[in-house]
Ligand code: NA7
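In the form predicted alone, a lone chain appears below as structure tokens.
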């Protein structure tokens, strides 16, 4: 018998992650703030062992392994410690994995609360986009104890291409914030460069051709450059979440008394686009900053 997985958070990433668990034969109990999403997932996967939890606490209580992936720190704290919060439902000996992107400090707070309850905890944010989530090819950045990770691996491997154990609780979130900062800066720089060449009368496609054959070659070009050239930004990783992650990185830098000037400049650009957008675009929509200038 495979362990029962409780899954909280059925957004762009959570829904395909949950589907992969079901396809691998794990019994799953799901909960989402918008109940329609849980009911839709249950209907679409009726051939599998999937149940809908009444609230986070009940979902956690029925789980041997609980996984959360929600939008931001306030949402995670509400899920854990709000009304009918999951923390009260976690059973001694169970394992809790948080794959949201939050602050290392919040991860350590959760870890301490889990230790008090006799629950194993991993902070395990992911990267790979919606396509990686759909294919079960995410990269997990994990903070926590090796023995807890070993217990969690059967479930994680249904969703993962790589699993990195990076250090104690909080290490996963620290690396995730640093990695997302690099992605944010790369896409911001690409948008800026495209604005420069197109304003000077050179088609943006010519810049991309050269970049793909140069030291500036980066995987992000394959995914984000086509969106920028077409000026179409369906969300794979929403700009509002990248905006949040840059803010978390800047806050972490402040805690450690270091300055991140490039991050601060990028944050102001993302902030301007976020405030001016009437939709919920991908973070490649940072290119709109120059379209509106």
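Note that the structure is a prediction, hence the values are computed from the model and not measured. Numbering follows the first chain given and starts at 1.
One more form of this protein exists, namely the form predicted in complex with this ligand; it is left out here, but the text below deals with it.
* Any chance 32, 70 and 238 all have a heavy atom within 4.5 Å of this ligand in the predicted bound form? -> Yes, the whole candidate spot contacts this ligand.
* Asked: Among 78, 134, 84, 192, which has at least one heavy atom within 4.5 Å of this ligand in the predicted bound form?
  -> Contact check passes for 78.
* Candidate from 169, 95, 99, 103 lying within 4.5 Å of this ligand in the predicted bound form - any heavy atom -> The residue in contact is 99.
* Using a 4.5 Å heavy atom cut-off, indicate which stretch of 281-289, 21-29, 268-276, 8-16 touches this ligand in the predicted bound form. => Among the candidates, contact is made by 8-16.
* this ligand contact in the predicted bound form: residue 62, any heavy atom under 4.5 Å -> Residue 62 lies outside the contact set for this ligand.
* this ligand contact in the predicted bound form: residue 244, any heavy atom under 4.5 Å -> It does: once this ligand is placed as it appears in the predicted bound form, residue 244 has a heavy atom within 4.5 Å of it.
* Does residue 51 make contact with this ligand in the predicted bound form, using a 4.5 Å heavy atom cut-off? -> Contact check for residue 51: no, nothing within 4.5 Å of this ligand in the predicted bound form.
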